[in-house]
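Just the one chain here, the form predicted alone, laid out as structure tokens.
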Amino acid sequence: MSEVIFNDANFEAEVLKADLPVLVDFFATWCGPCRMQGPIVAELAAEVTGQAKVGKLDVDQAPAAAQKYGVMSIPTIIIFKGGEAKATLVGLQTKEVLKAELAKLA
């Protein structure tokens, strides 16, 4: 499964009501570290198909979700399960760190 594009309109259905853990990469197109995080998240999405949902949310396009979860710095990755934020990682993360965080919620 490729990564999903989350936004304010689909956030509740795609993230909060998902059956699987959901990793959301909060990013902006103008953010250098975010551009480095992007390919890592895309690679992870392909590897965890069926185990978790992985996607991106552009904070400039979907400010409500970013504001609700207190995203002040980007990239920020928040992992949700059962409609709740279970882990928050701020700054550039390795794929290994992201996989380990998802594994805790499997």
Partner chain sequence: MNYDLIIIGAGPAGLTAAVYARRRELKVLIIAKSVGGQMALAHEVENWPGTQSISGFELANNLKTQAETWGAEFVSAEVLQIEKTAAEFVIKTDGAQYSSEAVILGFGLTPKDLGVPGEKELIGKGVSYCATCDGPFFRNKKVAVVGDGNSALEAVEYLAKLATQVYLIIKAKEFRGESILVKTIKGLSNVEVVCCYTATEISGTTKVEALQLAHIESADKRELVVDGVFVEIGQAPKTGWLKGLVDLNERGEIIADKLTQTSVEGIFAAGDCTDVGFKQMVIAAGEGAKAALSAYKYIAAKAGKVAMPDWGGKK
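Computed from a predicted structure; not experimentally measured. Positions refer to the first chain, counted from 1.
One more form of this protein should be noted, the form predicted in complex with the partner chain, which is absent from this view; the next part is about it.
For the candidate spot formed by 44, 53 and 84, no residue has a non-hydrogen atom within 4.5 angstroms of the partner chain in the predicted bound form. When contacts are judged by a 4.5 Å heavy atom cut-off, residue 49 does not count as touching the partner chain in the predicted bound form.
Interface residue remark: residue 96 is counted as part of the site for the partner chain in the predicted bound form, having a heavy atom within 4.5 Å. Heavy atoms of residue 65 never reach within 4.5 Å of the partner chain in the predicted bound form, leaving it off the interface. Although the partner is absent here, residue 16 is not a contact residue: none of its heavy atoms lies within 4.5 angstroms of the partner chain in the predicted bound form.
Taking the partner chain as it sits in the predicted bound form, the stretch 16-33 comes within 4.5 angstroms of it through a non-hydrogen atom at 30, 31, 32, 33.
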